[in-house]
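Next up is one chain by itself, shown in C-alpha cells, the form predicted alone.
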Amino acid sequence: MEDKFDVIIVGGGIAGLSAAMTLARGNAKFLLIERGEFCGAKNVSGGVLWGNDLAKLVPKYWKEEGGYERFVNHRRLTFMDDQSAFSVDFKSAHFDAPPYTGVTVLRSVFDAWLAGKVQEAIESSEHPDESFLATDILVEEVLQENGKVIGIRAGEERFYADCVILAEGVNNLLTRQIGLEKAYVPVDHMAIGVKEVLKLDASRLQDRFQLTGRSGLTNEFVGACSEGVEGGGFLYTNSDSISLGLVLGLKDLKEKEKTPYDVLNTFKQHPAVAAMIHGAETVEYSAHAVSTGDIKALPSELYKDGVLIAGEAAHLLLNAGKAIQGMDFAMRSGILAAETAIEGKKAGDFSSSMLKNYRTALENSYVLKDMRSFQDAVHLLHQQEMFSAIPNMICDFGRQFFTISGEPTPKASKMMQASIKRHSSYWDLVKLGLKGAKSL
C-alpha cells in the first residue's frame, strides 16, 4: 500500500462507501477501512433509502438484481390503541417509474453490493492499484500533528493522508477523540432501534400486501405499538421478508422500566400487526443506537484541519413524522465530504478554512435545511400526547364511525366530540394543532 493517501475513510457504511465512490470517480487515491469482515457485516440497520442520490452513484441501479429489495410506491401511517388500528393509506403509480424515490434495503446485502460497485469504480480510475477497500481492521486512533489530522493508527500500523473522513457510525469514538464531540451525548437525544427480519415466501408476501413485481410498502405506527414509551414502529417489505421494529427513546424506556424486546413482542401481538406477520419466521433480531434527530446532538463542528465527519457519526438523521431519514442523509453527506476533499486536493489545501466548504455544502443541501426546518416536528413527535392520547382518540372515533349497531347513528361530529372528551380536551387539541401547523 501507499505510505500516504489523498484521503482515508473510516467506516464502510453508506456514508463511507458514498465518499469512496465519489473519490474513485474523482481519481483520488484513498483507503477505506472497515472493521467488519466485509462492508455491511457489522451493520444491523435497514429500512428505506430515500431520495435520488443512489441513482447518481450507480446509474440505472434498478436494472440489477442485487442491491435493493423493493421500490416504495405504497405508504401507510397507522394510529393504534390496544385493540384497534386506524390507517392513512397512500399508493400512487407516480412512484412506479425509476429512478425511485425510495427503496427498501437490508444493509448487510446493500452495503456489500455498493462496496462491489466502489471496487469497479476503483478499477476504472486512474489509480486502480493505489486505492483500497480494507476490511476486518479496527481503527484505534486518529493521528494528529500540531492540531491537524494526518492519518490513523490500526494496531501497530499507521496510515497517512491529507484528509480523513470519519464515517464511523453513531458510536463515534474517534470523533470524540479529536474533540469534535462531547464524551457523552445527552440521553434524551438518543434512541434505540430494535428490529426483526421475518422470512415470508415472496408470493405470499406479494398477495398479503398487494404488491406487484418489485413494488413495496412502508408502514409507520404510532400509539400502542410502543406501550406508552416515546417512539413508534415500522414495517417494511423486502424481497421475501418483512422488516418489523420500533424506535424507542432511551431516556423514556429507562424511566418506564421497560425492555426493547418486551415492547417489540407486545407490538407483534397487536391484532393488526399479528395479521401482517402471520406465518412469517423470525430469522434475525438486532438492536442499534440511533439519534433522535435533534439538531442539538450534532458535533460541535463537522470539520477541522485535515478531517471531515459524515453520516451517523455526525448524528445526521430526521424523523419529522412522514419517514425516518438517515441513510439518505449519510449518502449525501458522504458525497459532499468527498467532493470537498477533491477540492482540497486540487487546491493543495486541507486546512479548516478549506474544509469548512463541507459545512457550507451541507447547510445548502436538503440535509441540514430539513433538519433545521423540521425541528419543531421532531420535538412534537416526542410529546406524550402523540403516542398516547392522539392515537387513542383516533381509534376511538374509528370504532364509533365504522360500527353499524341497528340503533340510531350519531353524526360524525358528535362521535368526535365524544372521543375528544374521553381522551383529551379541545384546548389541548388546539394547542397541539397550532404546534403541528407550525412544525409542518
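Here the structure is a predicted model, which is why all the values come from computation and not from measurement. Residues carry their position along the shown sequence, with the first being 1.
Not pictured, yet referred to below: the form predicted in complex with a small molecule.
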is_contact(residue 107, the small molecule) in the model of the complex, heavy atom dist at most 4.5 Å: yes
Exercise: residue 391 in contact with the small molecule in the model of the complex, heavy atom 4.5 Å: no
Exercise: residue 48 in contact with the small molecule in the model of the complex, heavy atom 4.5 Å: yes
Partner proximity in the model of the complex: residue 88 to the small molecule, non-hydrogen atom cutoff 4.5 Å: no
The unique member of 114, 167, 225, 163 whose heavy atoms fall within 4.5 Å of the small molecule in the model of the complex: 167
Listed residue that, although the small molecule is not shown, lies within 4.5 Å of it in the model of the complex (heavy atoms), from 143, 324, 277, 253: 324
Stretch from 199-207, 304-312, 355-363, 77-85 whose residues place a heavy atom within 4.5 Å of the small molecule in the model of the complex: 304-312
